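Below sits a lone chain in structure tokens, taken as the form predicted alone.
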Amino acid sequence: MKHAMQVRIKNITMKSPLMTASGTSGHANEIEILEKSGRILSSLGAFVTKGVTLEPKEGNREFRIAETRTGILNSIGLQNEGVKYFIQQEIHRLLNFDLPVFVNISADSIEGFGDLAAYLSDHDSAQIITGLEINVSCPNIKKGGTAFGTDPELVERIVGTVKGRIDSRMLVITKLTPNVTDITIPARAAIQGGTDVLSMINTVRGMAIDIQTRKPLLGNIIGGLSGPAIKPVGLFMVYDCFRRIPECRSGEVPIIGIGGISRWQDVVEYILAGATAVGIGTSWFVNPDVFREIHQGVQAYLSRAKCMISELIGKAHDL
């Protein structure tokens, strides 16, 4: 079927449910390098940028990456050149992708989120930005981060502040932390604040210790675990929100599933759990062809099943 892979996130039609996951995709340069071999853009439905902050950030001290048996621990610390550089030097390059573009944003205060969102909205003269993904869940910064994502009142206020300071055409995605007892509590708070979409999950807090030096390996001590190890966690949290939150079950607030996706089967699982689209990150570091391979695998599955991907959303709940 011609449009078997097509999905809709609110009013945005995507040719594929596959998206880059923020933190792994850069702003444009990484994809531009790989796209010379035609590996990515034809398989993507949307592009999500690396995190942008108001001011430039150098990130955390080294070491920033530690491998695990089933993923990686990262403690990058939101290194980026700041929003002014992004607008002046990066954003125009995203036009070449011919895809919906979601800019991930992070700040260390509610007011900071509002100012950052307003700056992006006010300076997006070519209307390149489809929406903003609010990072209330990064565990690698000393201010904000997990503290925001675990407090439902703060989540609601941040989402409401961002929503109130951007162009109405822009969608708001709230990226939730898994480092909570009940993911539906911050999810409901984000919905109360006016989020259009939920994305889950960000990385799981973890650490590594160097047995030779007998000290924590990461310069920031704590990092975020990503990769195949966290897929069962992400899958459950998508399932739980779809099952327990009426706005998610009805499709009013779609879910983007993220965490540990490395095979086409993982994508199908997330869709069946209730996700409308998925973000792929860590596996891209290992396999530059992962988007193309997954796209082909899902297409073949849909052909065998004689159905559209949109027909599978939440089907695991039909017990």
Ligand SMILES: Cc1cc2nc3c(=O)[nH]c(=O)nc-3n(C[C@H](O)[C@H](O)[C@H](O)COP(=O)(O)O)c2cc1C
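Each residue number is its position in the shown sequence, starting from 1. Because the structure is a prediction, the values reported are computed rather than measured.
Keep in mind the form predicted in complex with the ligand is missing from the figure; the text below concerns it.
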Taking heavy atoms and a 4.5 Å cut-off, does residue 78 contact the ligand in the model of the complex?
yes
Do residue 21 and the ligand come within 4.5 Å of each other in the model of the complex, heavy atoms counted?
yes
May I ask you to check whether residue 72 falls inside a 4.5 Å heavy atom distance of the ligand in the model of the complex?
yes
Report yes if any heavy atom of residue 50 sits within 4.5 Å of a heavy atom of the ligand in the model of the complex; otherwise report no.
yes
Interface residue in the model of the complex among 206, 227, 100, 112, criterion: non-hydrogen atom within 4.5 angstroms of the ligand:
227
Stretch from 39 to 47, 54 to 62, 274 to 282, 246 to 254 whose residues place a heavy atom within 4.5 Å of the ligand in the model of the complex
274 to 282
Taking heavy atoms and a 4.5 Å limit, what residues of 256 to 271 are near the ligand in the model of the complex?
258, 259, 260, 261
